[in-house]
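There is one chain below, alone, in structure tokens, taken in the form predicted on its own.
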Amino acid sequence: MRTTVGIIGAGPAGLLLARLLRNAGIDAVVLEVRDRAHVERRQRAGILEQGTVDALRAAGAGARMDREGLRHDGIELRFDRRRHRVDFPALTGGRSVTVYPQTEICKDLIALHLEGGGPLLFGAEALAVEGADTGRPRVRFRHEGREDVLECAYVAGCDGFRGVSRGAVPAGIGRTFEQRYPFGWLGILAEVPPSHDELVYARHDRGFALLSMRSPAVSRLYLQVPEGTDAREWSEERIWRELERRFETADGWTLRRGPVTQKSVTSVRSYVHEPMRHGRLFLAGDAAHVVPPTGAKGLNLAVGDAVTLARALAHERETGSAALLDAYSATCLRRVWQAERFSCDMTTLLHRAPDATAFEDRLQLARLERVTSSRAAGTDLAEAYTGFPLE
């Protein structure tokens, strides 16, 4: 099998890249280890920056998002039983974010890709990327019980932190940066309308809590829990009681309860692989970087990588110049590190470390007071939350 761009992974980065390449007249084959049903139901992020919304529209994948997505013009910060709203349009000159789940983005992009006849192989396990530092890289993969080879001019590794792409970069070629946090997130999906029309980030002495949503009828909520927590240790009643404690306000606000349909625990970490390129292998999305979920940046960074790589490949095709391909890693990493900074800031602003001292608690509250009382500090948060420019 032969193509111009071999794409490993049918997450947002891989699917959007395939769509953008098709629009530019560049052929690509997408290999995805899971089946279509799994890809279309795995729960991930759902906060889209303004740039991500614009990119999906420009790719022709924004119609359902525009109909069903929920525009949010701010978030609420809670601490000391008080509520403080951060107004995005007022602080950023009109920017906002949109709530539209990653599962729905994947459904939209898969449908578009298959309607156009694009090769998208589900159940195709990438085994190795070979010859990345040559002019003819290859992806060995297994599909329908037999091994095959995809020969291509370029490989896009969009297969996540545990995929084969990141491991194809030889030891000593790159450098990694990592930080693990001593807590996790217990996340639930509940069949109940959201208790607030915008996201609520709560700092509490018992730990962080987040009120989010997937739709007007489905709530997504999170609790900070100790690292290594087993979700089975938490009954529905225990989860709702703890959420009520952490979201409590002095004005009598109440949290709506409903049946919990999913619950899981996610680790919290930061990770960056530099560079994001080795020869003709380009890393994108979680294969190159992971951010704490507090800043809602993971999905948006994946989209940014796909846009940057597609633009560079189209430029090379049109002009013969590899200048944008050569700049791919540096271009993406400028945005990645700003997202890492913001995500780390939000995490340390709102989560209580297990060994936090009284002094550290008071510093955390002072930081929150600054963000909610200073226009300059509020603007910095709003600009970062609504998104860094796609270069």
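Values in this document were obtained by computation on a predicted structure and should not be read as measured data. Heads up: residue numbers just count along the shown sequence, starting at 1.
Absent from the display: the form predicted together with a small molecule. The rest refers to it.
Site annotation in the predicted bound form: the residue of Val29, Leu349, Ala59, Val39 reaching within 4.5 Å of the small molecule with a heavy atom is Val39. The partner is absent here, but in the predicted bound form a heavy atom of Ala296, alone among Ala296, Leu223, Ala202, Val129, sits within 4.5 Å of the small molecule. Annotated contacts: Asp73, Glu198 and Ala384 are all free of the small molecule in the predicted bound form [non-hydrogen atom within 4.5 angstroms].
Across the options 246-254, 168-176, 87-95, 300-308, residues that bring heavy atoms within 4.5 Å of the small molecule in the predicted bound form belong to 300-308. Of the heavy atoms in Ile47, some are within 4.5 Å of the small molecule in the predicted bound form.
Although the partner is absent here, Ala312 is not a contact residue: none of its heavy atoms lies within 4.5 angstroms of the small molecule in the predicted bound form. The small molecule is not drawn, but in the predicted bound form it has a heavy atom within 4.5 Å of Cys158. At a distance threshold of 4.5 angstroms between non-hydrogen atoms, Glu125 is in contact with the small molecule in the predicted bound form.
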